[in-house]
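In the structure tokens that follow, a single protein chain appears in two forms: structure 1, then structure 2.
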Structure 1
Amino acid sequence: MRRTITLLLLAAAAAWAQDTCVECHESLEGDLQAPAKAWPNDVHRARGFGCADCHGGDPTAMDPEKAMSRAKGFRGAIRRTQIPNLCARCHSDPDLMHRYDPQQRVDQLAQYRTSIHGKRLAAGDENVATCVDCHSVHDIREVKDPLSPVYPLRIVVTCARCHADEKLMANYNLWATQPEDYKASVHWKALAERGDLSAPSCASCHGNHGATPPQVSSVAAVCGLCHALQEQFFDKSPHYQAFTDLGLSGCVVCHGNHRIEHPTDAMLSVEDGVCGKCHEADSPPGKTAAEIQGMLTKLAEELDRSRAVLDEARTAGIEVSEADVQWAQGREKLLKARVTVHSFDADAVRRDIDEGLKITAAVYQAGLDALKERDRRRLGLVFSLVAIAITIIGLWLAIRSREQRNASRKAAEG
């Protein structure tokens, strides 16, 4: 017990003494002060690490000369080319990392070396991203911390710091439009507007430490991670072999890559949709595209039509929740058909569409019945109102005739 207390006291004293770096740098200005200001939020500080664990030197010495003497291993500012190895001293050490988190991965450096960033850094290019460019430095936060620059909602901003820089990107023959394109995509909308953190950001498709663009052959696999059914249909479709032979990357051909907008049925149009890029309108594939588009449009219209009737009935106060549930099932069929489109097989799509049309027909009928019910109610009301009106008139006449009688009696008396 006593030993524990002594140890704790010693540890506290050590932690206190470490502060000499921070203490001194806080009173400096500009670049020399910034690390000390950022440090309080750093996850490493919270885990008991100090400046010297990266920068070397003697954090207990009050004298700057001694504290930052090369003899004590002081390294000063870390060269960019050395950063990955420096971080990896701990982050690639399973024994050390698992003391803090048994689930923690330790392959980041290995992954980084396979990335374009890592390869270029190894070749001496200091302009590429290293650990600190994405994770920040001196105020490194956990990835799940919403303020971390690699938190899903902020990752695109972090990547854009370089990838939206035209001048910098020009050196690598890259466009700088990807971040803007991505921000117009359905994925960013899901992430930012709906707050769905499972929606893909840059790293979901490109990887994080091993950042590379997915290769032509692997795009479908990347998209298929979430869009599994579409991938299954596509892989069995005639396009799969054709695109592979042409060296085209599956999904991207029609949907684009970064600017993936919400797909519409109009995309199937041979005139101004994506199918028309390759197929003539009077060719068999062109006809199939038109047929599929026609079916989808038909079901969508039927859904709208039955929706309108249901809404009209509801505003008239008729309960249509039962039909509402059915309508949702019909919509489900349309969504299913839109997935089946990726088989490019008109018969397969028709099966889904027919099921949907059967449902919308029933829903539409239910809506019409509801409107009939409304009319019946109004008729009943009219009947009741007529009876009430007759009674009121009768009452009024009775009152008036009594009044007249009274008046004539009074006149006779008077």
Structure 2
Amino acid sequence: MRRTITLLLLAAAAAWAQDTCVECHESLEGDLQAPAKAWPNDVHRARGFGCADCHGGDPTAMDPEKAMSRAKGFRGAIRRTQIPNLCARCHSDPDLMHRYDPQQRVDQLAQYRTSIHGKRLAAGDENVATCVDCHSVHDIREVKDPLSPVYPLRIVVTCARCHADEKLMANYNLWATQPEDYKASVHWKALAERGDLSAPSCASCHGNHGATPPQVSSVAAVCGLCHALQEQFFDKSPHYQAFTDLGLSGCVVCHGNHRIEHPTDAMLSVEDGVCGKCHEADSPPGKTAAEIQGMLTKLAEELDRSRAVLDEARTAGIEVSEADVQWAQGREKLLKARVTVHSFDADAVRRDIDEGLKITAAVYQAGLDALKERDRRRLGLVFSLVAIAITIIGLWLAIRSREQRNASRKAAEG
């Protein structure tokens, strides 16, 4: 009896696991075989879902007509306009999603409908991105999987499939340079070269399911998600209201959007920096920019000078760890001053700079003292070597004299 029950359970399990869709498509060629080849890597397959959960039909039927029976709900290829709602049957169901991934959000469809992609799709434009364009189709991987097309290091390539297509973007009066511009940015370098997965990617600024271009009024808020202090200073600066009145996009005016390069103190130059875009050199704002740039340059030079002295002392074997800590504090003051620049308040910047200059002056003096200690040690070493040399010579002369006396005595006795 127990054997019979076991066999029945095994048979039931085999029937449940059977998927004639995969078996059939594996025997086909080309595009018809591709889904079956991709399916083993799909996260849905790993969770126990099958072809019929999306395409309908009977995956246990061996007869193709029965397997693809409309009576069994077979829908075959899914139209692009139907894809978001199809995916949302599961991904908008809190109970179902909680069973597989308690942290998974269930508002993706609602967000997608607010996006430029969702709105255009609803209007009948089937060229816009849907779920499968970003996540793939039959080999959908978890977002944290490095091979997923929406993994931080891969998402720019995914977006570029459309946004680097000049012909496609021309239909929407959009440039197709954003992906390449982004790859020249400080954000991409942080992500790709330093491996900082928290660095901004396309989705960080534009959103993912609710993808939309940041508007003029929201650019600073988007940047402020990471650069909070800069945002606070800018909001209190004279530029905030001026940019608002002119309809300018805050951060973008000075830093750009996709091709954001590493900021330097030279950006404050009125001659060849960003300040010269709006201000003349002899105007009050131009003079303020030059004053701030001069202060930053001064502290940077003092940091370099004190660093060189400390490095020279360390190379000579002098302990300068305490001065190293002070130097780092001076460096922090420079970094703080560069953030305070966004207030465009010369007095506020000067407070940080003056504190930094006091620190670097003390560090430089500590470096000079360390070099004096090095010189004293060298002088002491010279004296020691001279004393040792004199001692050695004296011993040699004494031994030599004694040997000569012994030789004279032996000659006299002979």
Partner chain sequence: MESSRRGIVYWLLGGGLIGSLASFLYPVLRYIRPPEVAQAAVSEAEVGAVNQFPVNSGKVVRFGSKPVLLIRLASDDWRAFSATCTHLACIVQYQPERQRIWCACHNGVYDLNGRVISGPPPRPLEPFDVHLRDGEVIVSKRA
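For the two forms, the rigid core is made up of the largest set of C-alpha atoms that agree within 1.5 Å on superposition. Here the structure is a predicted model, which means the values were calculated and not measured. FYI, numbering is relative to structure 1, first residue = 1.
Either 1 or 2, the form predicted together with its partner chain: That would be structure 1, which is the form predicted together with its partner chain.
- prompt: Hey, core superposed, how many Å does W396 shift at the CA between structure 1 and structure 2?
  reply: Superposing on the rigid core gives a C-alpha shift of 2.7 Å for W396.
field: Core-referenced Cα shift (Å), A407, between structure 1 and structure 2
entry: Its C-alpha position differs by 4.7 Å.
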